[in-house]
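Just so you know, structure 1 and structure 2 below are the same protein chain in two forms, each on its own as structure tokens.
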Structure 1
Amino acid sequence: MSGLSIRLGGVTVLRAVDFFIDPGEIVTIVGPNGSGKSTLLRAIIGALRPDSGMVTRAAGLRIGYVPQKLHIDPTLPLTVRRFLDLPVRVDEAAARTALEEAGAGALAGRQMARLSGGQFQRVLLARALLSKPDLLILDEATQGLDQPGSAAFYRKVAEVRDKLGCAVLMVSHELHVVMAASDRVICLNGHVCCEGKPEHVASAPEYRALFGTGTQGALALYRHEHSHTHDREAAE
């Protein structure tokens, strides 16, 4: 997209936003509440028309979407496998593959209402993968998970990207986790304040003005712990 501007209720929510994402790239959008992150996602998927500027998508682009949250009536008897059949029945092999790719292969017979938060999000990820997306969008997809759960979920997303080659666009407030999992970060506050590699954005004056300086240390701490996790896994 280029020069994207959107007004909602007479208020300019996004102004002159330029955005692109390359195949296989993981891009995270960060910004305070009301900064236009969800509006930008809606424009990307075609749910909102820009007041000016343009959105260009590759021909035949397939998009998978993982929402912030999805409420399911806890009294409704609904297994994970049946959930994947809504609203359209999917092939058994395709459902099994999507669950395995999302790290939820053992959950097919479980009741949706009895899943943990992390398991639930992995099932939503599996549902998004059914379309074999070229672009996977996650809108605050780990809201409500603790930090280890969020980190594990984003590591799984990185594995999905590596295996399928899809681009990944994430929106999150969990700066210390998502920035470490990203190839590029865009800081949004009605317009693009700054963008680039996580280390560049974390040290940018515009970013620090919005979020302070503490997240850069958290980013380094996460990477240190993440590195040790891989060291332990390699040793095992």
Structure 2
Amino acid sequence: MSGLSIRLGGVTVLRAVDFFIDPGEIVTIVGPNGSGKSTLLRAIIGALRPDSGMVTRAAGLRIGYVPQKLHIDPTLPLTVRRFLDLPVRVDEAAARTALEEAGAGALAGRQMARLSGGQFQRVLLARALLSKPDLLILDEATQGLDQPGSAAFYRKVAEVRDKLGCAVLMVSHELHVVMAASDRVICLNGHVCCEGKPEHVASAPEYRALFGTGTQGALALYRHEHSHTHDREAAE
């Protein structure tokens, strides 16, 4: 993706964003609310058309997408097993394997609308795995999970990457949990503020300007200085 800009409702959400992800790489996007993280993901899956710039996907790229939150209307009866069959029917063995890989082995017969938050996310992950994705995209996938729950979820994701060799692109607020598992972190605030190895980003001035210098992942209040220079070298 190069020089990507997207305007939503008259507001420029993303400005001249360059982004790439290599096969097998785990990349995490961090940034404050309204920084365009979800917008970037939606552009990658093709749900939003860029106003300028372009998105290039490898030919035949299969994307597994785990959305931020998914509301299933209670009027729609849907078992976990049936949900896995969307949009393509899968055989029994593949469904069972995917559920087990995602840590949701016992849930096949349950109604989607009655799952707990953590169970729901694991089922979404199982469904994303079924397409044998080259790129797995997780949008705030652990929202609503407690700390051990999200830590377990990210361990699962790392396991899956090691097993399937797919690239993983995540968006998250839980920086300290996520950063440890990432090969590369991108700090986004309408544009790419800085990017690089987790430890580089954590010490980069742009990142500190966004999230403060708190250790142990404790977040400072969002105070972003727009006058800062975009010294990309600092992060590389």
Partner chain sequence: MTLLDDFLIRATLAGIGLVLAAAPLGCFVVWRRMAYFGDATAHAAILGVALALAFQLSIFGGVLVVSLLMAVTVSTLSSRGYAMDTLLGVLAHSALAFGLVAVSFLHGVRVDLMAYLFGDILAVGRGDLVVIWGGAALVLGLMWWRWSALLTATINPDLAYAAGIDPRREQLVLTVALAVVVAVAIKVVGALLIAAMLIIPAATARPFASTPERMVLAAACIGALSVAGGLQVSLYWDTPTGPSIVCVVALLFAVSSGAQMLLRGARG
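Treat the numbers as computed from the prediction; the structure is a model and nothing was measured. Here, a residue number simply tells you its place in the sequence of structure 1, counted from 1. Definition used throughout: the rigid core is the maximal C-alpha set that superposes within 1.5 Å between two forms.
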Between structure 1 and structure 2, the form predicted in complex with its partner chain: 2
Does Leu78 move its CA by 2 angstroms or more between structures 1 and 2 when the core is aligned? yes
